[in-house]
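Presented as structure tokens, the chain that follows is alone, the form predicted alone.
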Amino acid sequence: MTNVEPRLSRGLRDLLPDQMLARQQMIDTIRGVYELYGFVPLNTPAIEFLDVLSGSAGQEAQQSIFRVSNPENEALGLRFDLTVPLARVIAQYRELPRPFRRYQVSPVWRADKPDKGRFREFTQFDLDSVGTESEIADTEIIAGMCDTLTALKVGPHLVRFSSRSILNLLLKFAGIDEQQSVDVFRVLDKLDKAGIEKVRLELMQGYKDESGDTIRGLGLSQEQVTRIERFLNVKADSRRDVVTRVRDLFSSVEGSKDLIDVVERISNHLYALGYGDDRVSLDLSIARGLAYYTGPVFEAILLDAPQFGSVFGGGRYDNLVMRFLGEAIPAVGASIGVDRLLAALTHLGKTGQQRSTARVLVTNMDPALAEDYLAMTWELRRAGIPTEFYIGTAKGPGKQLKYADQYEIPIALLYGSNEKTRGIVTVKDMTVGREKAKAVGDRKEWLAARPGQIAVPRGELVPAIQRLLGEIEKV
């Protein structure tokens, strides 16, 4: 038989236990914030009909859809985000209460070019409010972004927001045809990553990137691009100052007052809730790449790891459900890129180092005492203490303790005939003298060294372990 080479397709990766534990901790923290806000869970299939996914998010998203097939030969695709399936759910289940405020954590797939912290399969964690036009819903999403990043202890971060409505005013101000809006916004969304020079070239004649690929230009004139740059230069440390300056710039553009008023109200709500300019900025260059956004848009960056780009973003998409129902249903939401954020936090050294769910390892020193070991294991488990009983092939204490060390299990129990006669259990705090424990070769050496080791009465095992875990977790 020919062996199959173990390998993964480009842009995919395995997540080993330490990565999964850090990921699960992150997801649990995010879920806690979303549920604090009263959002409810939803799940949708990974596969949707191709016409459901197509034509909703622009040409770039359209080209990134993974096509799949089923036995019925129906045209299907893997979802590229969680928002389009949500729109389908809203249209399909008309009885859902409105506003429908949901969260969802699920994998999505995009057949685009893998990059640092960017994968073809990745997990998004969304929160959305569907069925309300109130700008308080937008305010709530931005506040939720701030609170989530704070709960995750990501370090310095900034949520930036703007509005597609204001960008539509820019089209009028620069004399750009509305049919070019999606392409213009897509290019502006690259500003942070590509820089103003490349954005300027792509808006006009185009250029060749570092790999030699041709980036086609949009064909705008120098005057149009100059007006876009005047808009991009409307910046200030204060959201109030940005509002004032953009009012001045667009004073001659019809309808600008009402659209700018919406952004100002969101900003004022955020001020009233304590989200100042140090946490949320009004950055008019924010466009977001997906075509379905219609109003306020927002994204978050980590100030200590800006190279990872936006780790949390979204906006208002009032027309997305119209594709299914023929009527506009207002909606707003945001999505956190779990994998990109985890990659950034790993880079910053801010992810947890936990490698096991177990907090206690019961070592297997004497096969004749198997019933005693099982009794201790289930005693601890029934007290709510995650416990593993060692059932590997290593016989001596050294290798079993090394196993606990490899998985960073903080407590190990040693129990032999001597301990049974004395009515005690030897409890090893693995966080003390961890390096010494690795060198222990046999039981005599172990008993002589005793690093971080105590003896507790067998009948007091559970409260003793609970106390020791409490002390370890305080450190």
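This structure is a prediction, so every number in the text was calculated from the model and none was measured. Just count from 1 along the sequence shown to find any residue number.
What comes next is about the form predicted together with another copy of the chain, which is not displayed.
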Q.
Check Glu210 for me: does it contact another copy of the chain in the predicted bound form (non-hydrogen atoms, 4.5 angstroms)?
A. no
(Q) Taking another copy of the chain as it sits in the predicted bound form, is Leu12 in contact with it (heavy atom to heavy atom, 4.5 Å or less)? (A) yes
(Q) Considering non-hydrogen atoms and a 4.5 Å limit, does another copy of the chain approach Leu374 in the predicted bound form? (A) yes
Q. Taking heavy atoms and a 4.5 Å cut-off, does Val456 contact another copy of the chain in the predicted bound form?
A. no
Q) Can you say which of 230-238, 400-408, 247-255, 179-187 gets within 4.5 Å of another copy of the chain in the predicted bound form, counting heavy atoms only? A) 400-408
Q. So which of Thr387, Gln124, Ser281, Ser163 gets a non-hydrogen atom within 4.5 Å of another copy of the chain in the predicted bound form?
A. Thr387
Q | One residue of Lys172, His269, His157, His347 in contact with another copy of the chain, assessed in the predicted bound form (non-hydrogen atom, 4.5 angstroms) | A | His269
Q. Since the partner is left out here, which residues of 5-35 would have a heavy atom within 4.5 Å of another copy of the chain in the predicted bound form?
A. Glu5, Pro6, Arg7, Leu8, Ser9, Arg10, Leu12, Arg13, Asp14, Leu15, Leu16, Pro17, Met20, Leu21, Gln24, Asp28, Arg31, Glu35
